[in-house]
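Single chain ahead, written as structure tokens, the form predicted alone.
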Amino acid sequence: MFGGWGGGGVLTLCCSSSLKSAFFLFLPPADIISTVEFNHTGELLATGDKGGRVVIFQREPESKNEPYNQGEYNVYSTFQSHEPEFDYLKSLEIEEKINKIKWLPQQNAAHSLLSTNDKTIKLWKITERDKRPEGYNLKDEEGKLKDLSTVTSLQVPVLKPMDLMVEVTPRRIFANGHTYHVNSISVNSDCETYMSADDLRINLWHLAITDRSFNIVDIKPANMEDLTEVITASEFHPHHCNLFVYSSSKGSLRLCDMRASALCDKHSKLYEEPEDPSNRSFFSEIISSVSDVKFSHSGRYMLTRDYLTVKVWDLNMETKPVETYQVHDYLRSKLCSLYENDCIFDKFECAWNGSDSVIMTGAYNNFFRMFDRNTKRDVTLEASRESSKPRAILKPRRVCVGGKRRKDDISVDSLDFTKKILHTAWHPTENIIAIAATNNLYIFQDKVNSEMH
């Protein structure tokens, strides 16, 4: 068993008719998925795209009549989150692309999420309505006011059933907080505040206050010519509301404690791995840049992704990671061509499973990698149209560097670098994963689980 995945990493594709249609449509660049995020229960899955749209999928309830439909996700709601804007002071066009989506813990029947583009963060409320009021005294059926002289009796309005309607309304707009492009947002465990990070600053916001935020990290030098690194990602600790971490383009992690001071420029802990002089090259600094950082659900570990590896750090050990996994080390000899086509600057995300025992991240050729921390086994899987039939079983793939090739091996020279999996998400409690492959969304689930229902 591979960390709970059946058959050494065997996965099945679960998709609804809504999702299937996405596999075979040619979609414009605006439909390229730019972020994927499950909510805290895993019942809802949100995706954002380069066109500024947010699509929310809802998991189908279990059905005794259709046991094989358990786990499928159908489109629940679609809305336009951001529009293209223009900064007239800087003569700069602001893209509508959704950089990040974060769900807020559910407090009542409604759901809430934060979405952000490069500059503006918005809080959205998602509600359901399946009843409508009828029998108003002062309004007619069309909602227009009646002539009061025609009202001769009073009646009690009643609620009548109607087709389910999902309403998405903007609750807050947090603007003008960032000079540079927002790369990450993270909701605090206190459920009252969240932080947003750009290349040089991190701001702390209150969810109820839109006109001001508190700057908690500022690494901008007095002279921009002295700039040596930028902030690449940040996240709050899952349990301690005073702790957060941010990563840098130099490959380091800084853990900050907001109890120490209002401005957290001085970190509490610095996590950095010494560079091996023998591996030093022109590309060393580029490939060491951390593109994503995620706390484990337990809060004990941090998961980071750089260009070639994923690393697990123990919060109690700053000198080196406790685990390092090679994602696609076979690309080390191709860094020059990857630099020329700008692929070396791709920002891959990473994810934990619900028990923190398996980690996942994307690669090229629509491959994604999974690593079992307990058995140290790993598997390469492919999200492709060829395997996009419902209930199809994913077979492990292998990249061949040289020498003899097996039947299903793929040569490193045959990899398609335009097909890349940058964005992935894992269901918080179950073995269900969401993979964004350019403009296609794939949802896979554990074969063992699907056969149990």
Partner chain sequence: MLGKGGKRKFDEHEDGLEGKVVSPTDGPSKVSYTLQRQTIFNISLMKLYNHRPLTEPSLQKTVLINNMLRRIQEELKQEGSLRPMFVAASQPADPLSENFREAQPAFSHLASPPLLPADLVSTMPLESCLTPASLLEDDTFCTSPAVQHDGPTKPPPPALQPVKDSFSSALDEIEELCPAPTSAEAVAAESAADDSKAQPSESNIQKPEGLPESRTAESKLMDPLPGNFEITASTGFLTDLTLDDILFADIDTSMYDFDPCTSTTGAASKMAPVSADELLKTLAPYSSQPVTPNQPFKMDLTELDHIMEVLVGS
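Predicted, not measured: the structure shown is a model, and the values here were computed from it. Positions refer to the first chain, counted from 1.
Another form, the form predicted together with the partner chain, is not on view; read the next lines as being about it.
- Comment: 277-285 is the region of 131-139, 154-162, 167-175, 277-285 lying near the partner chain in the predicted bound form, near meaning a non-hydrogen atom within 4.5 Å.
- Using a 4.5 Å cutoff between non-hydrogen atoms, residue 408 does not count as a contact of the partner chain in the predicted bound form.
- Of the heavy atoms in residue 148, none are within 4.5 Å of the partner chain in the predicted bound form.
- For the chain shown alone, residue 319 is not a contact residue for the partner chain in the predicted bound form, no non-hydrogen atom being within 4.5 angstroms.
- The shortest heavy atom separation between residue 272 and the partner chain in the predicted bound form exceeds 4.5 Å.
- Just one of 250, 206, 240, 373 comes within 4.5 Å of the partner chain in the predicted bound form, counting any heavy atom, and that one is 250.
- Between the partner chain and the residues 78, 326, 341, 261, the one pair within 4.5 Å by heavy atoms in the predicted bound form involves 341.
- Taken together, the three residues 83, 214 and 430 lack any non-hydrogen atom within 4.5 angstroms of the partner chain in the predicted bound form.
- Contacts between stretch 161-175 and the partner chain, counted in the predicted bound form as any heavy atom lying within 4.5 Å, involve no residue at all.
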